[in-house]
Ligand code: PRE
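Next up: just one chain, as structure tokens, the form predicted on its own.
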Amino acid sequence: MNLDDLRKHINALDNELLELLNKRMEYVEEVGKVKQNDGSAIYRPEREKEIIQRLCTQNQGQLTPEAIEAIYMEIFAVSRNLELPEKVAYLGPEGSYSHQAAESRFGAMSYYLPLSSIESVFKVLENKEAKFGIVPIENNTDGAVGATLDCLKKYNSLIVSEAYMDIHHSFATEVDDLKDVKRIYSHPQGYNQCKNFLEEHFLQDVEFIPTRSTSAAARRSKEDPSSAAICSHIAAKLYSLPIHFEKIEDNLANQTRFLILSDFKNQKSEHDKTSILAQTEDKPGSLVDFLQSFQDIGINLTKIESRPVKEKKFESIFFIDFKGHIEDEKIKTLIDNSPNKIKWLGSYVSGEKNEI
């Protein structure tokens, strides 16, 4: 077949896909009516994960599991907006990695609200000014995000989902030849994480100009024809800045975990994780005894992070993740009978990529 023949076949398949997607959206609309009548949640991450797993199992074509997930996450996002359009708050600015994480879960059609701080996201959710919020909780290089841990203690939003996102720095510029780049804009952290690339590609002196964010770096470079930016993929896209190198960071395993926050309780699934804050009794061995109680009933702890209780001197509160749902009978019994102060933060589908 020649190129015209191939394009005709693709056009015919696109027509079929459009017809099927519209049919899917008709069912989605009916589902939305049922949910509005019974007050159930529009966002069902456990249902979305179930669909993706089923399709990946059935797949015998050229699509990778990652490609199937990317396509269907966008379909899910469009479906949710048809059921009930929702506002999504995130740690800004526009074009930040938090923005990229938000779009990966809620798609391009959602209404996004960029905010200047993590606490602002929690405040907006508390005031019912947005339905969902997305904040970083930890990075595998830099560790836990203290501001998020503090806000989980202070505010009442629940964790309804999580997303693990690879953090890749891109090199974007409108300059055709790298030797003509005179200035590089970047957040200092991004610059420091890409030193090997910069040393390999820039033998001549190039001025480094620090910016408040990688998004600002892309904007500044767009305005400066002799410059480049170290920025996120979404920031380069936002400012129509051509990407010359997509992954330039020294550590290609750099990954951040984001929390999706809202105001509802998830139903149980087969791959649940629960997060709590625990302040143990003020006596020797209380933390060890508490952690041992999980082992005694066969519950796998996946994370424990201490955080100072700021209103009391030298006391700590512990952020703990473990496998299972708060409604699992043995977990519910353990929590209800514990002598420690425990705040349940949410039970949600585990978002580790190796489980998709």
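Keep in mind the model is a prediction, meaning the values are calculated, not measured. Note that residue numbering begins at 1 and tracks the sequence as displayed.
Although not depicted, the form predicted together with ligand PRE is the subject of the following passage.
Checking 28, 291, 68, 320 against ligand PRE in the predicted complex, a heavy atom within 4.5 Å turns up for just one residue: 28. Only one of 197, 191, 76, 112 comes within 4.5 Å of ligand PRE in the predicted complex through a heavy atom, and that residue is 76.
Although the partner is absent from the chain shown here, none of 206, 222 and 224 has a heavy atom within 4.5 Å of ligand PRE in the predicted complex.
With the partner omitted here, the stretch from 30 to 38, 58 to 66, 296 to 304, 325 to 333 that lies within 4.5 Å of ligand PRE by heavy atoms in the predicted complex is 30 to 38.
Using a 4.5 angstroms threshold between heavy atoms, residue 42 counts as touching ligand PRE in the predicted complex. In the predicted complex, none of the heavy atoms of residue 23 sits within 4.5 Å of a heavy atom of ligand PRE. None of the heavy atoms of residue 309 is located within 4.5 Å of ligand PRE in the predicted complex. Ligand PRE in the predicted complex comes within 4.5 Å of no heavy atom belonging to residue 99.
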